[in-house]
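Okay, so we've got the same protein chain twice, two forms, each given alone as structure tokens, structure 1 and structure 2.
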Structure 1
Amino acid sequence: MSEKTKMVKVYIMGEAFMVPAASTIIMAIEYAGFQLKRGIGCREGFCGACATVYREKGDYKLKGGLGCQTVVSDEMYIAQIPFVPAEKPLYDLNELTPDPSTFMKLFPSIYRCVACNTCTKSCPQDIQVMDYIQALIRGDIKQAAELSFDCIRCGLCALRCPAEIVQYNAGTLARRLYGKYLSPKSPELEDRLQEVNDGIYDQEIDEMMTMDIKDLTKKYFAREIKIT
């Protein structure tokens, strides 16, 4: 490490450590000597595994973020939340209907929403969480599915919600219902899936499975792409 590397003090689970100033929270935790077995996933992607709550010096706010994205600051207090306890109802999608009654039965907690927007403020993906919960309350499953599309289920919204709603589970159901019952169907996709089920491509797939990686790469880039 360069002698000019700037170091800052951070508190990890209450214990002070000196870490490089440019570190992400995950890098800082590992630099401090911790071996991460939980609360870590894709590293610099968006998998939601490294949900973290922290406070910065001089700021009264308790903030949330992804440990792989958030850079440490001097005197930062850090605690990882590798799992947020949340009840997850079991259901068979084939037995559900895409209407408000489904959410009244499986997620009655959404009707406790007080529209405080704390869930949105805590989302590291900048998803309009409160808006998709309000859409579900209105029965607009399509809008809820679209607004929650980028959710990575880190749980920070549910952790901060004063009404104790499990927003991300409700959003997941909205996307499932929309995909199965409400989204426009593609006749071409249905035809192609039927062809796959009929085994039309089995021989070609078997050949590609045994191809050399260079030949497979060449075949991929030489493929015909139809734009309609």
Structure 2
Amino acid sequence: MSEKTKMVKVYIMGEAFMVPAASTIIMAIEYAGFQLKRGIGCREGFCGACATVYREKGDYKLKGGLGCQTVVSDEMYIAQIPFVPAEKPLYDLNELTPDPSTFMKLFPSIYRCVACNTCTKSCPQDIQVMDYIQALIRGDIKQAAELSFDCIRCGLCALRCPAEIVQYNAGTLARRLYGKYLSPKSPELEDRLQEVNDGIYDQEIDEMMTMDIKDLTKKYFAREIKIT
């Protein structure tokens, strides 16, 4: 960072630090000298490890976001959430049926939803969380699977939910049920598995495995490209 870097003051768990204004929350915490162990993961918005709550200057609202995806602002108060102690029912997917009875049994709490939309407002992925919980209540597993698809399991929805629902675990089950039971099966896949099991490609591969590298190179650069 050059000396001209614009700095802002942030409060990390109440303590003031000067950090570069362009920092994300994670960058700011590291700039202050903390070595992060919890509340950090992929650093690119895919793992949900860095759920953070913060309050900005002049705003009464407690906001939530991903530490690696949220830029700091002057006088921001920051606290990371190291872990979300949420209930996770255990199940054997092979014994479940893709219908509402499964959710009644494993996630009875979803029926407590008061449709306040707090979960949706707290989602850093802008997922329509309440809508997918409502879809599950209606028994529409496909819609719940699709709406919840981009969930990275940061836990902010469950932490804010006044009905104590663990939305993201219900979403996970919806997607697994959809993927396994409800999505239409690929017509080509079974045929190919049969062919591989019958070993019909083995000879062609075995030949290439022992082929002279010059011939192999030639074969490679001459191969037909069929992409769209």
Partner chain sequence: MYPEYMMESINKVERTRPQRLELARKHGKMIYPRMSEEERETVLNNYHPDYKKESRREVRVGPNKGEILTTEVADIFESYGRVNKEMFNFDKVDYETDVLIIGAGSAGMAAALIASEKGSDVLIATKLRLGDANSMMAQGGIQAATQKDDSPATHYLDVIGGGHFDNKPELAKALVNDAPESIKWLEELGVMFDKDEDGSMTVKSGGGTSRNRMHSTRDYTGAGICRVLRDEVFNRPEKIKYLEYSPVVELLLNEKQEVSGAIIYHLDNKQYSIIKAKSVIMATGGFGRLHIRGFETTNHYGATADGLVLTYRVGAKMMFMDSVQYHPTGAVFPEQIVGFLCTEKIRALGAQPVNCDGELFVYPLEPRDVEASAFIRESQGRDLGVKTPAGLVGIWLDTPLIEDILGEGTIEKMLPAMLRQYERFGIDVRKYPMLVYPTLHYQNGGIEINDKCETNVPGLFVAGEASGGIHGRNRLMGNSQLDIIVFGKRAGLQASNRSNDIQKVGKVHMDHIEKYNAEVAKLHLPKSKIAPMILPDYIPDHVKAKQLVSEYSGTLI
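Here, rigid core means the biggest group of C-alpha atoms that superpose within 1.5 Å across both forms. Just so we're on the same page, residue numbers count up from 1 along structure 1's sequence. Please read all numbers here as calculations on a predicted model, not as lab measurements.
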{"query": "Pair member that is the form predicted together with the partner chain", "finding": "2"}
{"query": "Exceeds or equals 2 Å, Cα of Tyr201 between structures 1 and 2, core fit", "finding": "yes"}
{"query": "Asp59 C-alpha relocation of at least 2 Å between structures 1 and 2, rigid core basis", "finding": "no"}
{"query": "Flag for Lys180, CA shift 2 Å or larger between structures 1 and 2 after aligning core", "finding": "no"}
{"query": "Between structures 1 and 2, C-alpha offset at Leu216 (rigid core aligned, Å)", "finding": "11.9"}
{"query": "Cα shift between structures 1 and 2 at Asp191, which is computed once both forms share a superposed rigid core (Å)", "finding": "2.8"}
